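To begin, one chain is listed below as structure tokens, in the form predicted on its own.
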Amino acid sequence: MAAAVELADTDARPPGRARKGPGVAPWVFLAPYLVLFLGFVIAPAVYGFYISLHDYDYTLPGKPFVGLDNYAKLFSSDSVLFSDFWNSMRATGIFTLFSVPLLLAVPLAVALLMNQKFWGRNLFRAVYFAPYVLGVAVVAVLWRFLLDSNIGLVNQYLGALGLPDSVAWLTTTPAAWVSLVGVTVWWTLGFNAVIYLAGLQDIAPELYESAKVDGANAWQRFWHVTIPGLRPVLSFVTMVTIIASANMFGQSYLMTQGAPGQETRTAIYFITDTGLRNYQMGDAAAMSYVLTVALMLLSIAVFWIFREKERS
């Protein structure tokens, strides 16, 4: 019937007169977003690349063009920036390596639990998500007090349990990394858990019932039904979590100040210091683009891992 109506409509159209397109209406609705996207994403990115090609000190009138020299300094062992930059990249890698698996696994476990039916489920969902609404300054100051080696409650409770109570959580490694990763997981797991929960509720219950009929146990249902059903969600959560971890700044800046030494000074922390404190905006912009390229390559790898494999 639909095909017949469409054919009749086609036949009724005068010869040589093509069907009109959607016109300008879609562009009118897209215009506000496109203006914001161009103004706050594309333009800053282009201007940032322009800055990276100059010896750019925003306190001075002259900003001479230096080409790719700012990038070359980051890969030359003779440069004063070389070791500091790659040490900060190493710190970013350490934080990302340890935080991302936890921020993928722990929220998934929480989401699986919150997806069950039990009394007070909505209350527990709110409790797990509540820390995420706090700002990084609030979280960092709170945990800096709790983890203080002299007056912190964490060491006091450890002492009450007969455990070592003089751990320097913020000034020694690996304790500083444990603190930064642990605080970040506590703070942000609620967001990933909510995304997982939405994905779990999208999986048809009939799939689990069919798996039970086929004799699949709980682990087999999780591996062969839940994980495939969450593939798009896992891809999104993994990518967002990697990007967020690679851009970690506030926790390190407010809790450890990069200590001990510069061990916990991440790439964003060092870029901020270089650009805003040392007025070397050209070098800072070049570092930002090197970090961006690294994240783009990592993104491609994540998309490749989570790609839909063709079935033979």
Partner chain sequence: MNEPILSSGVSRRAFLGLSGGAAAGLALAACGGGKSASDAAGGAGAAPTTSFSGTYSGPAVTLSYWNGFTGGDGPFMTKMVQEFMKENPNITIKANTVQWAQYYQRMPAAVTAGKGPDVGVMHLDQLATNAARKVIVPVDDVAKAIGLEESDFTKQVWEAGIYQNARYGIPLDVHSLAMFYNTDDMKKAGLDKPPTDAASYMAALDKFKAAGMDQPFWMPTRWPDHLMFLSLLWQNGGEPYSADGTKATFDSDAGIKALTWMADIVNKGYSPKNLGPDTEYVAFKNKKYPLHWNGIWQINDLKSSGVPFALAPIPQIGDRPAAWANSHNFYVTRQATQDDNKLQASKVFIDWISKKSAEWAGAGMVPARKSVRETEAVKNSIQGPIAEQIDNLHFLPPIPGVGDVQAQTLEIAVSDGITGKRPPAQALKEEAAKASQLMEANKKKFGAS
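Keep in mind that this is a model prediction, so the values were computed, not measured. Residue numbers count along the first chain shown, from 1.
Keep in mind that the form predicted together with the partner chain is not shown, yet the notes after this line are about it.
Stretch 142 to 150 is the answer when you ask which of 94 to 102, 221 to 229, 176 to 184, 142 to 150 has residues with heavy atoms within 4.5 Å of the partner chain in the model of the complex. Across the proposed site, 162, 165 and 248 without exception lack any heavy atom within 4.5 Å of the partner chain in the model of the complex.
Proximity to the partner chain in the model of the complex, defined as a heavy atom within 4.5 Å, holds among 80, 106, 112, 72 only for 80.
The contact residue chosen from 155, 188, 171, 241 relative to the partner chain in the model of the complex is 171, the criterion being a non-hydrogen atom within 4.5 angstroms. For residue 67, no non-hydrogen atom is located within 4.5 Å of the partner chain in the model of the complex, even though that partner is not displayed. Although the partner is absent here, residue 58 is a contact residue: one of its heavy atoms lies within 4.5 angstroms of the partner chain in the model of the complex.
Remark: residue 267 does not count among the residues lining the partner chain in the model of the complex, judged by a heavy atom distance of 4.5 Å or less. At a distance threshold of 4.5 angstroms between non-hydrogen atoms, residue 50 is out of contact with the partner chain in the model of the complex. For the stretch 259 to 282, the set of residues having any non-hydrogen atom within 4.5 angstroms of the partner chain in the model of the complex comprises 259, 260, 261, 262, 263, 272, 276, 277, 278, 279, 280, in sequence order.
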